[in-house]
Ligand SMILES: C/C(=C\CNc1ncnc2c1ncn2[C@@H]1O[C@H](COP(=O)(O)O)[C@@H](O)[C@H]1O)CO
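In the form predicted on its own, a lone chain appears below as structure tokens.
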């Protein structure tokens, strides 16, 4: 497969550009302990933001699709993620995922095969093997907070399929940002009532009943079993934002 790396940025297929980036010159002389101190980490953090902003500055309207890395290929949730990726591209959205296997791979696959822009935001983890083969443009991050910034900065909405701790983290971060007014016009759609209904019931019967959340917080999470409905909600939100 034809691909190109520009530092941490991976480009494949139609996303490969013809430019080059000068290689950094590294001086290995002298003590190297300084590279492990907090001031140097700040520069690394800055570099991740610069790389991300540069890679996605001209991305255009995009939707993030979340779901478990453990979703098997023969799962109906894998099929749903693939359909979501394809349908989003048909509605002129780019598709952003965490770039991993499972549901993320499926959404990237659907987007790529539909001829759209398939984006992966990877994260350095001990057990991850890198971005899946369906990512056309991707960045691997060291820091979760830099990666999360890219998700919310370049996505106009979230479609959330069944997933684990990471998916829950992304879901509730988005809900918090909408609740606090940090992001606006940002639909959050949960796909899979058999998976998510228990969570919503608990939020209503426990959190809402104890006054720790408001009804409006619960209303921000839209539950459906229909991928077309999920994509339609993203289209409606885009129209409302433009008007």
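Numbering follows the first chain given and starts at 1. Predicted model only: the values in this text are computed from it and were never measured.
Form predicted in complex with the named molecule: not shown, discussed below.
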{"property": "Contact assignment for the named molecule in the predicted bound form, among 110, 98, 157, 138, heavy atom within 4.5 Å", "result": "98"}
{"property": "4.5 Å heavy atom contact, residue 116 to the named molecule in the predicted bound form", "result": "no"}
{"property": "The named molecule contact in the predicted bound form: residue 123, any heavy atom under 4.5 Å", "result": "yes"}
{"property": "Contact of residue 104 with the named molecule in the predicted bound form (heavy atom, 4.5 Å)", "result": "yes"}
{"property": "Exercise: residue 151 in contact with the named molecule in the predicted bound form, heavy atom 4.5 Å", "result": "yes"}
{"property": "Segment assignment from 180 to 188, 205 to 213, 65 to 73, 39 to 47: heavy atom within 4.5 Å of the named molecule in the predicted bound form", "result": "65 to 73"}
{"property": "Heavy atom within 4.5 Å of the named molecule in the predicted bound form - qualifying residues of 130 to 150", "result": "147"}
